[in-house]
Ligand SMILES: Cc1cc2nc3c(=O)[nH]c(=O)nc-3n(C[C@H](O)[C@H](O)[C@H](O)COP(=O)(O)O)c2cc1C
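To begin, one chain is listed below as structure tokens, in the form predicted on its own.
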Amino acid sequence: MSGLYRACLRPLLFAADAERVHVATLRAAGVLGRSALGRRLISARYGFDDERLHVQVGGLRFPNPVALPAGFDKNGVATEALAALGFGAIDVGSVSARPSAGNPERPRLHRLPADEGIAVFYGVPNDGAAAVAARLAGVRLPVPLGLSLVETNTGRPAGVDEVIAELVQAARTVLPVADYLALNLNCPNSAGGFSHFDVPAHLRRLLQALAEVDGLGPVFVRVSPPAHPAGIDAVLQALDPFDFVKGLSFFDPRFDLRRRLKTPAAELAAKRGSVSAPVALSHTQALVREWYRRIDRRRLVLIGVGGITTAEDAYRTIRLGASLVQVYTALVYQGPGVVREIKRGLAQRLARDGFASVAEAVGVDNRAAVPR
């Protein structure tokens, strides 16, 4: 299936503007996913299930650990089709309290074929929390639905109090439709990539404010990983009082992925934005390895995101300490069948190594250190 996509469909898609293709794909998926017949057709073609893949995280049941991160379906227009495709969870967004058109520059999405990567400079365009929540109000998915929250991209840096108030407002608005919230606290394409919440004291203040929100469910937090173990411990201490925080993922602004690409520097210079590509995998796995050694494993899980394109990538990341993995860029280059291929490969590897579940494999290659 992946070979057919690469040989026939991808060349046609790559001949058109990347953002236009993205928008058209979501519209088509939205139409198909709104009908029961459409969802059955997607599942029949791309579905794969195995009991070994079922995961319990934060009180939620994930049918498999392969999740779709925020950024693909920014406004919740295609969640039913994406769930039918076989993802274990869908993150919608990132969504802000107020609508935003995102960055005005065009183009805002670039392909990097030499590296099977993309450069994204969207600037989190979205319809706003109220509109997205209304759109999702009647949607019932067979997988957990997450709402990724971000500050509104106004083109100017906002004070920490303003950002906290915005995120709390967005949380209250989307809670009725969300199984969990994902806090996007360091988006590289808005506010210049600056985040107040790289300071642990500010992160604690945000979580204190969220703790006052009635009905708050599981929350997953994306943090900028500090360079030193003491910094990691400071972040974890900021999280400790808040048992609604169930997991962590990472975006590392210090890691210069562009320097590691095959794409010529002159070509890269014309493509603004954060880069995602398979070459990020080693850094993703290094972060999972380091943080797994320091988290309280009784209450926190790790989400591996960045560079995961194959079942072996996902399995190795799980064995280093991730309970969930997220896949996005591989969809662009391998097509929708990549989700099934990764799941099938994970099930085969779990069976080969004698694991009855994903949970049994988490961290097996990373047992040197005792959790805090």
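All residue numbers are counted from 1 along the displayed sequence. Just so you know, these numbers come straight off a predicted model, no measurement behind them.
There is another form of the same protein, the form predicted together with the ligand; it is not shown, and what comes next is about it.
- Among residues of the shown chain, N64 is not one whose heavy atoms approach the ligand to within 4.5 Å in the predicted bound form.
- Proximity of K246 to the ligand in the predicted bound form: non-hydrogen atoms within 4.5 Å are absent; the residue sits far from the partner.
- Contact annotation: G76 falls outside 4.5 Å of the ligand in the predicted bound form, judged by heavy atom distances.
- Though the partner is left out of this view, A70 does reach within 4.5 Å of the ligand in the predicted bound form, counting heavy atoms only.
- Of the stretches 91 to 99, 264 to 272, 159 to 167, 237 to 245, only 91 to 99 has residues with a heavy atom within 4.5 Å of the ligand in the predicted bound form.
- Contact annotation for the candidate site: L109, V305 and T329 all lie close to the ligand in the predicted bound form (heavy atom within 4.5 Å).
- For the candidate set S195, S148, Q285, T152, a heavy atom within 4.5 Å of the ligand in the predicted bound form is found for exactly one residue, namely S148.
- Interface residue among A171, A178, I118, L85, judged by heavy atoms within 4.5 Å of the ligand in the predicted bound form: I118.
- For the partner-free chain shown, just R222 of 203 to 231 comes within 4.5 angstroms of the ligand in the predicted bound form, judged by any non-hydrogen atom.
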